[in-house]
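One chain follows as structure tokens, the form predicted alone.
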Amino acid sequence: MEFFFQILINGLSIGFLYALTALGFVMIFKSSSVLNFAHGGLMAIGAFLFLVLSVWARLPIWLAFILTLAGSFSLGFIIERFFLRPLIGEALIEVIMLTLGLFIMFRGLLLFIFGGDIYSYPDFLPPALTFHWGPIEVAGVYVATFIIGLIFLGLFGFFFKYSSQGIYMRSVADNQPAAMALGVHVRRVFALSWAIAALVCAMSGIVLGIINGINVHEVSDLGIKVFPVVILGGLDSIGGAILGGIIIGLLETFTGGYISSGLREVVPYIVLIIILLIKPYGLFGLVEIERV
């Protein structure tokens, strides 16, 4: 029973990491209907930027964290302004292929600079984060992942529900022409969506680095694992992204704990295939009906 609860808590922590990662993906899709294949590359950039600032530049952890998020936020604006905006009005496949090209470019640059080695962040988590409940012990890194995931998901939930910019983003996602008719600056919403998505990617990359250390391939591949999460929850559903992340995290940890550690990496894609066959729009995705 202790083993079950240990896996359960670890799975919830990993699930919140997946949910946080999927949140940025869903935001871009909701606002612009673009499948962002550069997601993993943005995660890797954020993770390695934090490494450079905290380890190589030896800045205080809190300052390195703030600068990493600020830098990633700015990078999102730059990507939208100089790469995505010129393609407004072009075929959607061209925009998707551009994001794939950005992913390959980002990963190639990071491999050129850092190689394929595994790097570790300084041990800055307080020992008090380690959780003890009878014979069950949860490492501080998983507790930190759980707490960070809850905080950021709560912040973004508040942002989308109550802030003016969040409401604008929701209106653009629901109906772009109607939002423009009401005076919403759609291009500004697109830029903000990419900026926030890049910030979320950096946060996810840092959390992953705290858990496993950072490696260019491993961090960028997590961006691919986002697809089963968002397909399960629904490409246009923020709540679905959270639930999908938790489900995938639990399936992975329970599969690794009770069946096979090698099979756990396959489980998300098995879920992806099943969902696409049974419910292509995901658990909470909106079904589009066209009348002719």
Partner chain sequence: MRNLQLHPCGNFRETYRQELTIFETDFGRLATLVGLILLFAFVPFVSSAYILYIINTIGIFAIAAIGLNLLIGYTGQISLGHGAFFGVGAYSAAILATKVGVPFVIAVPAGGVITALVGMVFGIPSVRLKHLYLCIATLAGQIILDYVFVQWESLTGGAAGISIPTASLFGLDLGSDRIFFFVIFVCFAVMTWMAVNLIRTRYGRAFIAIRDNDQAAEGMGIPIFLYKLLSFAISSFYAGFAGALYAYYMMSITPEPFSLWLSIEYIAMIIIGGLGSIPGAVFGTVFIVVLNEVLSIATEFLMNVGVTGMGITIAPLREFTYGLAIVLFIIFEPKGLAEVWRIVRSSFRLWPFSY
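None of these values were measured; they are calculated from a predicted model. Residue numbers count along the first chain shown, from 1.
Beyond what is shown, the protein has a form predicted together with its partner chain; the following relates to that form.
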Inset, instruction - Using a 4.5 Å heavy atom cut-off, state whether Phe83 contacts its partner chain in the predicted complex. - result: yes
Inset, instruction - Verify the contact flag for Ile78: yes if a non-hydrogen atom of it lies within 4.5 Å of a non-hydrogen atom of its partner chain in the predicted complex, no if not. - result: no
Inset, instruction - Using a 4.5 Å heavy atom cut-off, state whether Phe124 contacts its partner chain in the predicted complex. - result: no
Inset, instruction - Give a yes or no for Glu137: in the predicted complex, does one of its heavy atoms lie within 4.5 Å of a heavy atom belonging to its partner chain? - result: no
Legend entry - Heavy atom contact within 4.5 Å of its partner chain in the predicted complex, the stretch among 63-71, 42-50, 242-250, 227-235: 227-235
Inset, instruction - Please state whether every one of the three residues Phe112, Tyr269 and Leu272 places a non-hydrogen atom within 4.5 angstroms of its partner chain in the predicted complex. - result: yes
Legend entry - Position in contact with its partner chain when the complex is considered in the predicted complex, options Ile93, Ile147, Leu155, Ile118, heavy atoms within 4.5 Å: Ile93
Inset, instruction - Let me know which residues along 93-108 have a heavy atom within 4.5 Å of its partner chain in the predicted complex, or say none if there are none. - result: Ile93, Glu94, Ile96, Met97, Leu98, Leu100, Gly101, Leu102, Ile104, Met105, Arg107, Gly108
